[in-house]
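Next comes just one chain, in structure tokens: the form predicted alone.
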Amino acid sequence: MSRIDEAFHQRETPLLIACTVAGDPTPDASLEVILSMIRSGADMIELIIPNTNPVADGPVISRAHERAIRGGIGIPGIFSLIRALRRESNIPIFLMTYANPVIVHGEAVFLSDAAAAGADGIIIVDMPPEEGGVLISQEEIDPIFIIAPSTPPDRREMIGGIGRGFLYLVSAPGVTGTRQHLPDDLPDRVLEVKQSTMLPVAVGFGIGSAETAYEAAAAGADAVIAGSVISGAIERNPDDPALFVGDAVREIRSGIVRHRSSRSAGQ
């Protein structure tokens, strides 16, 4: 059983997946940021590989990409960062990237190096499952796929059958960023995805407060993913980003805890 599988198997509440751009704001500070996320209640870490054209990301995370690139982290540095985290924690870690760095590095070599460093899974945003033969066939690291609001039922079922770890359900059309509320139809879409797969379903895009975390948990999500709120905390507090990132993670965690309390009260 992988670390990702074990985390979902053992959960009592929806998991909190805390997301940050690797190397933001600097490689050394990034390690402290991630350790702060873990200490503050994150159950899993999504580590984004910096990219010069992050088309799926909104302005907050896009600026995080820019800071990380200016800080000089590259693929070897990211693998070193994961190894450093592994010396401190056994928390599940998965990478989010675009296809270009993987292809340049060599798909099989990249996946093997990532697994050797301690990564448990990977999302390649712009690599459709039909083009992910190497990713799907290897056994060292879980291939995680995204379900968009526009993904048709037959494609949801296909993706749900070949992915591992979990499925990443985008809460609403558009790019990453925080929202005041999640869409009203989110519970229906979570249910539709769960009916087409045995994998856990994690909801991301738009979760930046206790309220939206509560809404995602109430919609039936097995995990809640928060990223822009963390990148925003780093941006606003460059001198001590780890401290304020911890506050952001605890805020999201409080919404998940509130959902659990409300369910217990209703039973």
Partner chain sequence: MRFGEYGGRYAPEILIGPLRELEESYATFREDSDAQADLTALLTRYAGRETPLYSCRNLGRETGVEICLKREDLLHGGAHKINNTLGQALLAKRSGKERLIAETGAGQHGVATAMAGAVLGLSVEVFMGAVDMERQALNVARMELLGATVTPVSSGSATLSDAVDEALRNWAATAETSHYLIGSCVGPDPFPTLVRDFQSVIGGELYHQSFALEGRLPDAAVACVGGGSNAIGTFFPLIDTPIRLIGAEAGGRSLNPGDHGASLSCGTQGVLHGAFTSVLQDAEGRISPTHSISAGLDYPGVGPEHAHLRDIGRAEYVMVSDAEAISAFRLLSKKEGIIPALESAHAVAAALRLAEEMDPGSLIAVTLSGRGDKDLGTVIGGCS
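What you are looking at is a predicted structure, and each value in this text was computed from that prediction instead of being measured. Positions refer to the first chain, counted from 1.
What comes next is about the form predicted together with its partner chain, which does not appear here.
Residues 62, 73 and 103 are all found to lie within 4.5 Å of its partner chain in the predicted bound form, as judged by heavy atom distances. Interface residue remark: residue 172 is counted as part of the site for its partner chain in the predicted bound form, having a heavy atom within 4.5 Å. By the criterion of a heavy atom within 4.5 Å, residue 215 is excluded from the residues contacting its partner chain in the predicted bound form.
Using a 4.5 Å cutoff between non-hydrogen atoms, residue 161 does not count as a contact of its partner chain in the predicted bound form. At a distance threshold of 4.5 angstroms between non-hydrogen atoms, residue 130 is in contact with its partner chain in the predicted bound form.
Only one listed stretch (73-81, 191-199, 135-143, 112-120) carries heavy atoms within 4.5 Å of its partner chain in the predicted bound form, and that stretch is 73-81. Screening 185, 157, 88, 126 for any heavy atom within 4.5 Å of its partner chain in the predicted bound form leaves a single hit, 126. Proximity to its partner chain in the predicted bound form, defined as a heavy atom within 4.5 Å, singles out one entry of 27, 54, 208, 232, which is 54. Contacts between stretch 131-153 and its partner chain, counted in the predicted bound form as any heavy atom lying within 4.5 Å, involve 131, 146, 147, 148, 149, 150, 151, 152, listed in sequence order.
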